[in-house]
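Shown next as structure tokens: one chain only, the form predicted alone.
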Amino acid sequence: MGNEEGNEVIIREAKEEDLPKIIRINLETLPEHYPDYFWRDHLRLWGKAFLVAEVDRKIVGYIMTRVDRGLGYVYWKPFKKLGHVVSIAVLPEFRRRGIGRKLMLEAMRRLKEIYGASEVYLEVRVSNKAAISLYEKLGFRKVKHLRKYYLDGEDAWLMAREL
């Protein structure tokens, strides 16, 4: 039947054995890469909100998050818990099917309910119009322009929303 839009998307917590597939998706889809220990640490520390998307038992996307403490970007308040979307990616042939949206919604729910975060933030390339559009539809707003944020010199938007 192939990977048509009607096939069920399953969102679940990532497992240690998923990391090679997750890292491969990252390498194939994003210019930002991390050492292996970085992925393992995030899985160990914030695994309840480190998720994968599966279609026909194949991992086609992921979202890696963590919880920071800080003032916040939506409402400044000392020492609040902030959910941080560190990395999210979906394989190109599975995009425009709502998978990124499902990953974001479930990760945000878990960041709030399990980890007690009161807001969530992320960085996104200014040129990534599709991602910016998705984040805006999910209630994020641009709160800060980060000049030369990425290693290749591209700027980023810091986007945030309440949970």
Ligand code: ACO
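Just so it is clear, the model here is predicted, and its values are computed rather than measured. Residue indices: 1-based, along the sequence shown.
One more form of this protein, predicted together with acetyl coenzyme *A (ACO), exists but is not displayed; see below.
Can you tell me whether S127 touches acetyl coenzyme *A (ACO)? I mean in the predicted complex, with a 4.5 angstroms heavy atom cut-off. Heavy-atom contact with acetyl coenzyme *A (ACO) at 4.5 Å: absent for S127.
My question is simply whether I99 lines the interface with acetyl coenzyme *A (ACO) in the predicted complex - judged by any non-hydrogen atom within 4.5 Å. Within the cut-off, so yes.
Could you tell me if L30 has a non-hydrogen atom within 4.5 Å of acetyl coenzyme *A (ACO) in the predicted complex? Taking the distances in the predicted complex, the answer for L30 is yes, it comes within 4.5 Å of acetyl coenzyme *A (ACO).
Taking 4.5 angstroms as the cut-off for heavy atoms, does F50 touch acetyl coenzyme *A (ACO) in the predicted complex? No.
Looking at 132-140, 40-48, 65-73, 110-118, which lies within 4.5 angstroms of acetyl coenzyme *A (ACO) in the predicted complex, counting heavy atoms? Checking each option against the 4.5 Å cut-off leaves 132-140.
Residues of stretch 65-87 in contact with acetyl coenzyme *A (ACO) in the predicted complex (4.5 Å, non-hydrogen atom): Counting only heavy atoms within 4.5 Å of acetyl coenzyme *A (ACO) in the predicted complex, the contacting residues of 65-87 are V85, V86, S87.
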